[in-house]
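Starting off, we have a lone chain in the form predicted alone, written out as structure tokens.
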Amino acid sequence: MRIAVTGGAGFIGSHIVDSYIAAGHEVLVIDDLSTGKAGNLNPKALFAKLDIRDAAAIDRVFTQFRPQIVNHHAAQIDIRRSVADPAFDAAVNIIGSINLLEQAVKHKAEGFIFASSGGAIYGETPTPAPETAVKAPISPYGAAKAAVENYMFVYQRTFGLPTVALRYGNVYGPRQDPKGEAGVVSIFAGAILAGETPTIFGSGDQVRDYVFVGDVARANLLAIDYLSQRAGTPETPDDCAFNIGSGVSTSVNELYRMLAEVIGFDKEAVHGDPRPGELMESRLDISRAREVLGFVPETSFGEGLRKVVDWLRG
């Protein structure tokens, strides 16, 4: 199939591109390289450097490539920036997404896959949240993800574009920037390997569902099969969504302990003030993804941490 992957030079997107190409698909990467890296680009993929807010540019490349599937991973991913500048976050994450939905319909794409967030749209989840859980985002980033899912539902019901939202937990793995604004695993690992003591914001009792990027890439392969085989009309946006995680929640303190053990670091973490917009408990129920998509996370947290450390060590 011909698949356009936005954000395909980024951490998650580049792994998805690799998996699509390995499966025999033809891939066009769309990325403005503002956070993505040219070094992440698969040499077998076509590449268009453009901003997803530029509807005319998207129209031009879709006219040439004629994508059958649009896989949308380009985003403003920094929750802190979304809190500081909600309008910018919305311009990229909502308006940019609408541009892509509009062009997908115009160019008769057969499906649209969206990188949503299981960690940001549900709000506090002291018990694992299913897809039907109440949406209570506490950051503009989370609100934007929920909004795009609603727009996807509109485009499916009104314009006939099949869509699927993959609501990720905290994705980690090789290629995640240890100097970036998101990705606590790579940030902590990079600091420890440099001999620095990482800062844990807040108590460290915050829990997250950490999912390895290779498992996420496989979910995106399964999403293509789901789009091609699905019949019927969704009744709500949740009918088109799947939580993609490990099904296990781990505290930041435990993450630090496990990383320090893998690396052989014996210093205690430094604690700083909590960050606004950050959840205390984020737990995902991934049973629907198992039953409907056939998604099974294969990489344990300990194994994934070792892969990150090995990659950072080069």
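So that there is no doubt, residue numbering starts at 1 and follows the sequence shown. None of the values given here were measured: they were computed from a predicted structure.
Quick note: we don't show the form predicted together with a small molecule, though the next part is all about it.
J.: Give a yes or no for Tyr168: in the model of the complex, does one of its heavy atoms lie within 4.5 Å of a heavy atom belonging to the small molecule?
T.: Tyr168: contacts the small molecule in the model of the complex.
J.: Does Pro67 reach the small molecule in the model of the complex, with heavy atoms at most 4.5 Å apart?
T.: Flag for Pro67 set to no.
J.: My question is simply whether Asn253 lines the interface with the small molecule in the model of the complex - judged by any non-hydrogen atom within 4.5 Å.
T.: No, Asn253 stays farther than 4.5 Å from the small molecule in the model of the complex.
J.: Would you classify Asp32 as touching the small molecule in the model of the complex, given a 4.5 Å non-hydrogen atom cut-off?
T.: Asp32 belongs to the contact set for the small molecule.
J.: Please pick, from Gln206, Thr125, Gln176, Asn220, the one residue with any non-hydrogen atom lying within 4.5 angstroms of the small molecule in the model of the complex.
T.: Only one option qualifies, and that one is Gln176.
J.: Quick one: from Ala55, Val61, Ala260, Leu50, grab the residue that has a heavy atom within 4.5 Å of the small molecule in the model of the complex.
T.: The option sitting close enough to the partner is Leu50.
J.: Using a 4.5 Å heavy atom cut-off, indicate which stretch of 233-241, 115-123, 187-195, 156-164 touches the small molecule in the model of the complex.
T.: Of the options, only 115-123 has residues within 4.5 Å of the partner.
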